[in-house]
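Before any questions on binding or motion, here is one chain by itself as structure tokens, the form predicted alone.
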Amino acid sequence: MPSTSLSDRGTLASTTPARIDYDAYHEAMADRYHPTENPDGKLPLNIAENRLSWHELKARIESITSEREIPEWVAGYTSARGALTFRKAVARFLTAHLTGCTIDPDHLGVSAGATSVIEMTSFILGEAGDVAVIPAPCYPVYRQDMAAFAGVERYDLVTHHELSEIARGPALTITHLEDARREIQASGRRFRMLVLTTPDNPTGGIYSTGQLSEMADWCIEREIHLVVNEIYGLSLIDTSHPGIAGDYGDVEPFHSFANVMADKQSDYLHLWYALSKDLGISGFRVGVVHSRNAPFIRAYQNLNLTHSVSNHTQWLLSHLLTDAEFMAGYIARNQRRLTNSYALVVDCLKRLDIAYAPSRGSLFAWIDLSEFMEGDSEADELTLWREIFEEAGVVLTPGPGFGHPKRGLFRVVYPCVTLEELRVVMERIETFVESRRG
């Protein structure tokens, strides 16, 4: 009798958690904080969700569904890479609010969430055993998203050690890329993709237009696909806020990679986006890829049926995204809420003299708690992470999985709770820090 009824792939999946902090998240949700009913309850800040503005979108979505009749096309099949009506709506939204340059709906593919877009892109561009280079620290689940079906391997490219080295933004250079290429080639593998996230997860750093253009030229010359993930492209921090303005020098504003793509017109440049983070609707499962590579788009059309977005969701969001006045106001108000929450976190970190990477965008603060570790191993880091959970009742995202060698770095997802709850979180962290130092 076989020891398992599953394939080797299935057995591996059944025994490998997607993330090491998921159990703690569910444990915290079972004992969730409430100011009066459960004041000693837990507060999870480890899942990348923005809950600050859902009440606005909820009201607008309810209005759309109550005022409009569902069209007939919603009940049948449509284009596997997204109904043309929806792709036109997405293109208009991106053009108006994210890219600043015209997006052609024929250059778009739509899938059920960012994970599906990453998976599809990796499957179409890479062979099993090819390598995707990603500057560290980076989103932990890139590894599974690229490897589970496509078999593309993740390479964590370390560009710095201390947070002070990225105070002005990502430290990636052409020298880093050349070193990585030599190492990958020496191992007999192919450097197939370079993946950049801007604003970055977890540091909140933003790549300048000059950096993106330089990286694009380097990749095009070597026939390496450059994919830029702008899933947090509208989740920007107001760096003029008085509580955080001193963290920034003369910073270049965010510019979408779509402009570099329009300028260079290359088959080796691609853009990822999703509605999950900027709109705070992860559960709607809508991811987008933008590419001028015609064979890539045809392949996406032919393979994407299993990753298609519900037609009802496409119809509903078409109306939401093309409400230009509402969306412009929503984005501005959401950025104000994000900035206020981020400033609250930074105020506490400054009082406690805890190092952090100044964020320009995203939903995260990337902080250094290494002084509270007993040693310098991954086990020591996870012990500290668990102690913060058990003693302070706060779940952070621990460093293992982000691909960076420095131990004691943690990700704080500050907009997944209300501003009032965030105050409680920071009070608890302050108590924890002071007790350890005392």
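All values reported here derive from a predicted model rather than from experimental measurement. Numbers for residues come from their place in the sequence shown, where the first is 1.
Just so you know, the form predicted in complex with a small molecule exists too; it's not on screen, but the next bit is about it.
Point to revise | Among the candidates Ser276, Asn304, Ser235, Ser122, the residue which, in the predicted complex, approaches the small molecule to within 4.5 Å (heavy atoms) | key: The option sitting close enough to the partner is Ser276.
Practice item. Have a look at His241, Arg285, His319, Lys264 for me and say which one sits with a heavy atom within 4.5 Å of the small molecule in the predicted complex. Key: Filtering the options by heavy-atom distance leaves Arg285.
Review point. Does the small molecule come within 4.5 Å of any heavy atom of Phe191 in the predicted complex?
Key: Taking the distances in the predicted complex, the answer for Phe191 is no, it never comes within 4.5 Å of the small molecule.
Check your understanding: Is Tyr139 one of the residues lying within 4.5 Å of the small molecule in the predicted complex, judged by heavy atom distances?
Key -> Looking in the predicted complex, residue contacts with the small molecule include Tyr139, since a heavy atom lies within 4.5 Å.
Review point. Ala48 near the small molecule in the predicted complex, any heavy atom under 4.5 Å?
Key: Looking in the predicted complex, residue contacts with the small molecule include Ala48, since a heavy atom lies within 4.5 Å.
Practice item. Using a 4.5 Å heavy atom cut-off, state whether Ile118 contacts the small molecule in the predicted complex. Key: Yes, Ile118 sits close enough to the small molecule in the predicted complex that at least one of its heavy atoms falls within 4.5 Å.
Exercise for review: With the small molecule left out here, work out from 339-347, 293-301, 226-234, 310-318 which stretch has heavy atoms within 4.5 Å of it in the predicted complex.
Suggested key: Correct option: 226-234.
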